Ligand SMILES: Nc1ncnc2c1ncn2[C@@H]1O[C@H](COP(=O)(O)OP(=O)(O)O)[C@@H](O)[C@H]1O
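Next up is one chain by itself, shown in structure tokens, the form predicted alone.
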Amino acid sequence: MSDEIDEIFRRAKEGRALFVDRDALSPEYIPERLPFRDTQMNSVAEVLAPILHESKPSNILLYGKTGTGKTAVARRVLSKLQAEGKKNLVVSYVNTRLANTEYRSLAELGQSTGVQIPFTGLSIGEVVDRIFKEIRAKGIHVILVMDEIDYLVKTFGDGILYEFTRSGDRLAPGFLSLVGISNDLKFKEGLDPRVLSSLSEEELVFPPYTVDELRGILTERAHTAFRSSVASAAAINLCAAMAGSEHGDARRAIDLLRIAGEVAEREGLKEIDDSCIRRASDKMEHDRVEEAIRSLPVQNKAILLAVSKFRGGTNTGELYLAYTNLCRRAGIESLTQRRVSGILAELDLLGLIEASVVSKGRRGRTKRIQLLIGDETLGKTLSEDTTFGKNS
């Protein structure tokens, strides 16, 4: 093992570094220029501009599939807004999926506004009160960006959103405006009408990138990230075409180019070839499945684990019985059969299961549910969750 590691390090030292700035292909990198998103940037800026003359901006929701530039546009516009030097402006960015709970999401907001929230021990109501008191006392003007806001609503309900959208009198002379970012165009359907009426003041839908647009984005990033001639036009075209076939996902296109560059660099190549890109794509697909499972809410994981107990597939009745038994053993509350059917549809869309309707002749139709991922991948990923480690 030691000899193999030494050989890896030797090749790395003797090989030619292909990257000049690897960070230019990282998910966190926000370039100075966002190609093909000028219209969206201007629209967001127009909504938020009133804050510069002490007026509360409207809440705004940014919709679009993964990799369509929603987060990058929000962050770029807000960075420019902060550069205007407005002293009582606070911008707080929270990714609710990464925060994972209501409490942690609020704790991140609290930290931005100068309120220290203990790791645990307070009720949600108490945390909200402390943050609101600080905003009111200091007259702070807060813009709260809630990335993947649909995850928070689906997992914990819309209680926090209700507090935020009805907070006007409790915050004066300060205020709080929301920028919600969502991959799900339908997430509002389950919101309380009182939340819906005040949350959706402005909406903006981000279209997927075309293959030509992805090619332009990758060309700019490659120029910054690689040495000259490492990423040829042919390599960029292939990355753009492969990502363009999956709903114009710029994030996937950029990740594909980065991983392909890493493959080429490890093998001592001077440029990225088709083989590097295809191997990078295979690796990303495997990682995508693991990340999709890892980020599921606990009930979705329970249903997925129940499906895995039936190797040849099962029907909704058998599955629901297995699911409720699993919930009982894990000590979590089970959902209704109707809600389970809804989650099965979500898992089907993610490509983790197949839930197809099968005709049984005169006996009607039934839904046949089958796992589409390997048991090893599922078991490895769910074992990281203490709720299911013993059952996976």
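Values in this document were obtained by computation on a predicted structure and should not be read as measured data. Numbering starts at 1 and follows the sequence shown.
Another form exists, predicted together with this ligand; not displayed. Remarks below refer to it.
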Give a yes or no on whether each residue among Leu34, Tyr209 and Arg221 has a heavy atom within 4.5 Å of this ligand in the model of the complex. yes
Out of Lys133, Lys270, Arg251, Arg166, which one falls within 4.5 Å of this ligand in the model of the complex, going by heavy atoms? Arg251
Let me know the one among Ser43, Ser334, Thr66, Ser341 whose heavy atoms come within 4.5 Å of this ligand in the model of the complex, would you? Thr66
Are any of the heavy atoms in Pro27 no more than 4.5 Å from a heavy atom of this ligand in the model of the complex? yes
I'd like to know if Ala72 sits close to this ligand in the model of the complex, meaning any non-hydrogen atom pair within 4.5 angstroms. yes
Contact label in the model of the complex: Leu109 to this ligand, heavy atom within 4.5 Å: no
May I ask you to state whether Ser92 is within 4.5 Å of this ligand in the model of the complex, using heavy atom distances? no
Going by heavy atoms within 4.5 Å, which of 346-354, 322-330, 58-66, 43-51 lines up against this ligand in the model of the complex? 58-66
